[in-house]
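A single chain comes next, written as structure tokens; it is the form predicted on its own.
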Amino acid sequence: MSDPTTHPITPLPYQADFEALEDGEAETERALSETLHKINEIVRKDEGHAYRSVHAKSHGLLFGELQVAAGLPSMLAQGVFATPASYPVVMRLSTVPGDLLDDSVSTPRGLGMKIIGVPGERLPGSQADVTQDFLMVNGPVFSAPTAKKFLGTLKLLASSTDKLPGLKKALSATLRGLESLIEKAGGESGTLKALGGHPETNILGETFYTQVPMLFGPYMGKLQLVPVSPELTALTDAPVDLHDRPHGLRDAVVEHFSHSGGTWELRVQLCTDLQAMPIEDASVQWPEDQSPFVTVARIVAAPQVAWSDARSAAVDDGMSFSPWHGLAAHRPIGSVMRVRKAVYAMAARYRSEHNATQVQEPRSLTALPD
């Protein structure tokens, strides 16, 4: 974290020509929708229920309060963060695959955040809503530079959906061993982690990133969510025993929130240089020495029932998370973000059509069911 008064930056104002449609972007969007629909169909056939095409399995469903910081300088006081305020927030912790795997198949972790009751000019398609969603993964960069490149990765994921779960567990154990050796040597492999080599650590200790850019008022930025309270920072890199515990990550979240809460800081990194911080290449990490992350809000969650069948019905089935649910001040930008609009809407419609619970945006929320 950085103090903007001691580390001043000059954010670059957004211009429309900073974005450029990728060749065949409409076709990429169509192919992504078809591939995700294929995953939906396979999993629904197996489970008798429609789940998300990716991030199908939830490990924690948390209710908290987002507290926008007071006294933010004008370049940070944008959109949701324009004025000091408190909003209810729902956080959904998950892992990447579209099928419901044993947690010993360890893959990157995700966090979907839905802020409720947010005023302001809305994005097209969400004019009737009052929510702002941010989608995050526990790594600073996206797995592919563009939507077209991501399509290839997604097709590979689709081809392995519902294939040999026992083999996936064995492969994951091997990949974790390789990743451990790389990390002991001071490195890290995003590829190994994505394929199943993510370390078996507590999901509550993770730092999450939006990975791909969005508008931040007149500027452009990425967000980061960092655990800061002692009870959460103690869980960073803390091991979790997943042997013969198919829902071990969820068990750890439920156990923690049965007696403790947690606080996170929500931070923004503003774009100051298009060469170092590109908009259309989501695989590039924006350098923090040029533009550090700065805190704009905190999220506080009290002890609670962190996962239950009732919560799953309300959030897993009843809500969708999309970066296109939100304010015009936080419009998603870049090819990966642009294709997400239609693709995520398709996935939400699919679950609405096949499950008993209608997927819709909440207009108010005082708590989640227990």
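A residue's number is simply how far along the shown sequence it sits, counting from 1. Note that the structure is predicted; figures quoted are calculated from it, not measured.
One more form of this protein, predicted in complex with a small molecule, exists but is not displayed; see below.
A.B. asks: Does the 4.5 Å heavy atom contact test between residue 63 and the small molecule in the predicted complex come out positive?
C.D. replies: No, no contact at 4.5 Å.
A.B. asks: Since only the chain is shown here, I'm wondering whether residue 52 would be in contact with the small molecule in the predicted complex (any heavy atom pair within 4.5 Å).
C.D. replies: Flag for residue 52 set to yes.
A.B. asks: Can you check whether residue 216 is within 4.5 Å of the small molecule in the predicted complex, heavy atom basis?
C.D. replies: Flag for residue 216 set to no.
A.B. asks: Examine residue 224 and determine whether its closest non-hydrogen atom to the small molecule in the predicted complex is within 4.5 angstroms.
C.D. replies: Answer no; every heavy atom of residue 224 is more than 4.5 Å from the small molecule in the predicted complex.
A.B. asks: Counting any heavy atom within 4.5 Å as contact, can you tell me which stretch out of 267-275, 207-215, 82-90, 283-291 lines the small molecule in the predicted complex?
C.D. replies: Selected stretch: 207-215.
A.B. asks: If you check 38, 340, 331, 44 against the small molecule in the predicted complex, which one has a heavy atom within 4.5 Å?
C.D. replies: The residue in contact is 340.
A.B. asks: Taking the small molecule in the predicted complex as the reference, which of 136, 118, 76, 297 has a non-hydrogen atom within 4.5 Å?
C.D. replies: Result of the distance check: 136.
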